[in-house]
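In the block that follows, a single chain appears as structure tokens, in the form predicted alone.
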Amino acid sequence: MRLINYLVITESYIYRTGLRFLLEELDSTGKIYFSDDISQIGKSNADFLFIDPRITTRDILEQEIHTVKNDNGTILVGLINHEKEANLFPTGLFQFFLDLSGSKSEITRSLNEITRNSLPSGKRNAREEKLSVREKTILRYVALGHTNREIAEKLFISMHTVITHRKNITRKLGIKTVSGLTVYAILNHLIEMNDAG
């Protein structure tokens, strides 16, 4: 899985702290950098630049963004306090806006949508989402041929929980068959080839 790097340009302590917390919760997050210097836009190798437009004048902002706009495929995200603020900026200045006035779940959902759907295909991997430790354990049991009931008994969880984990594994990996999951488990060293049978 390829990790995504972020640069957040803002003077706001609240924006910095809140975005760090939310970005660290995303499975795909690599490094998070912070700056209060708008000129860092052109010096960053981050995949995503989160920019607080209030950090400078509109003219300087447009000039700095223009220098990197089509340079390296970096995604530019404007930080706003209300969705109507997006109309204050020229069309195309930012690829996305992140409204920070919403609830934690709303902002997290927006972050997921922005990061998942906007990286160029060369930077994105179909199997980008990490399996949790529990999902890996369940995948291992599935690959070894155990039924949902057997897995539930071994892990002291309900069968419903096992089924939910299996659905998440299938969604994350894009693999629907037990044989496909077994091959994945072997290739990723969750089980040995001799164990599959």
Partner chain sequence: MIHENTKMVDLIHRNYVLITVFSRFGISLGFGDKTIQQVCEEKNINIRFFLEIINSFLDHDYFPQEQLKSFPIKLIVDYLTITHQYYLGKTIPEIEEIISGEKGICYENKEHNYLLNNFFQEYKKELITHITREDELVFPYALQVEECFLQHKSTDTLFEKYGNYSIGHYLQAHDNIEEKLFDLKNIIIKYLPPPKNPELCYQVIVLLFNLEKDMNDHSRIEEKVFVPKVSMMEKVILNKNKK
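Basically, rigid core = biggest C-alpha set you can superpose within 1.5 Å across the two forms. Numbering follows the first chain given and starts at 1. All values derive from a computational prediction rather than experimental measurement.
Another form, the form predicted together with its partner chain, is not on view; read the next lines as being about it.
Heavy atoms within 4.5 Å of its partner chain in the predicted bound form are found in one stretch of 166-174, 43-51, 153-161, 56-64, which is 166-174. Of the heavy atoms in Leu3, none are within 4.5 Å of its partner chain in the predicted bound form. For Gly174, the Cα coordinates differ by 2 angstroms or more between this form and the one not shown after the core has been superposed. A movement of the C-alpha atom of Ser12 falling short of 2 angstroms is seen between this form and the one not shown when the two forms are aligned on their rigid core. The Cα shift for Ile41 between this form and the one not shown, taken after rigid core superposition, is smaller than 2 angstroms.
Compared with the form shown here, the Cα atoms of Ser28 and Asn188 move at least 3 Å farther apart in the predicted bound form. Whereas the displayed form keeps them at a certain spacing, the CA atoms of Leu173 and Lys31 lie at least 3 angstroms closer in the predicted bound form.
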